[in-house]
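Given as structure tokens, the chain that follows is alone and in the form predicted on its own.
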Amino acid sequence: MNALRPPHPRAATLAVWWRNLKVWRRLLGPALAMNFGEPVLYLLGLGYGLGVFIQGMGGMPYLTFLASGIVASSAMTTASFEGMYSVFTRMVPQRTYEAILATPAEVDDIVAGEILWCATKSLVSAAAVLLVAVALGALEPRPGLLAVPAVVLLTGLAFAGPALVISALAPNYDFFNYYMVLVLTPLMILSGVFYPVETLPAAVRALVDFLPLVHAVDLARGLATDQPLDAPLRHVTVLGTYALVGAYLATVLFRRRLIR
């Protein structure tokens, strides 16, 4: 079998997604507590605490600036953690994928189902952030908020594939520390979540323009605050490219790891 051929997911993709949803429903309480608790800590600790010393940022109150950035970053972290820790757990300790492959489902279906599930969890997490932000007055109910979930879903897809790539390469859980320290943490710091990327040196700005979270933050912030979007097609193209390339690489590596 040619492991490099393009992915060809089928209807079984939805069966994998549904299986994960049914398992997650049993853990709904702790999951929602984490989804709501983390944004509250960020918004209260940084938004109100640091916001006392920052009168405004990006033409808006700092609490609003921060909340609109956290919406996008939460999609990144949720998709990444699900694509690494949960996927690796199902692949190695639980050997769930071996059981799935005993059915008519194939590796491509598993990868596509997991990527779709990662994006779904990103949507749940970002929805929690939006609800908390609106409840705290950080964001106002605006028409643009209705389009933010679409940005979140695309962001989840953009980060799910790379996370699955890391899972396919990982020999153990400790391997994920490399990705967290070398990729996720710099993205959080450099992508405009906490401050405008325009304040970075020119050389760094040229680099971060290729990073997916920058484009997700710009889209989410513009829509959530009803500000004019700067080059929305470019933002969508970058996120879509990461999603497609990540899905392809993840599929190739999972074929090599699961089919011996």
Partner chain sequence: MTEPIVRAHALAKHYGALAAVAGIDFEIEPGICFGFLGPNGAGKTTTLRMCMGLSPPDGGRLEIFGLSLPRHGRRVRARMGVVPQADNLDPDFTVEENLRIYGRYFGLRRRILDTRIPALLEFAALAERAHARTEALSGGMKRRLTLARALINDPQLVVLDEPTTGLDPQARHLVWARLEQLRARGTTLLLTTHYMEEAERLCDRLVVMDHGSILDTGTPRELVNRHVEPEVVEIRNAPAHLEGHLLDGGCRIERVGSSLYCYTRRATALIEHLRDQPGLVFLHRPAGLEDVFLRLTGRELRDT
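Positions refer to the first chain, counted from 1. Because the structure is predicted, anything quoted here is derived from the model rather than measured.
Keep in mind that the form predicted in complex with its partner chain is not shown, yet the notes after this line are about it.
K.L.:
Looking in the model of the complex, any heavy atom of L249 within 4.5 Å of its partner chain?
P.N.:
Answer no; every heavy atom of L249 is more than 4.5 Å from its partner chain in the model of the complex.
K.L.:
Answer with yes or no whether V236 is in contact with its partner chain in the model of the complex, where contact means some heavy atom within 4.5 Å.
P.N.:
No, V236 stays farther than 4.5 Å from its partner chain in the model of the complex.
K.L.:
Would V23 sit within 4.5 Å of its partner chain in the model of the complex, counting heavy atoms only?
P.N.:
Contact with its partner chain, yes.
K.L.:
Using a 4.5 Å heavy atom cut-off, state whether A102 contacts its partner chain in the model of the complex.
P.N.:
The answer is yes: A102 has a heavy atom within 4.5 Å of its partner chain.
K.L.:
Determine which one of 141-149, 169-177, 102-110, 72-80 lies within 4.5 Å of its partner chain in the model of the complex, judging by heavy atom distances; exactly one does.
P.N.:
Heavy-atom contact with the partner occurs in 102-110.
K.L.:
Pull the contact list for 65-100: residues with a heavy atom within 4.5 Å of its partner chain in the model of the complex, in sequence order.
P.N.:
Going through 65-100 in order - heavy atoms within 4.5 Å of its partner chain in the model of the complex - the hits are Q94, R95, T96, E98, A99, I100.
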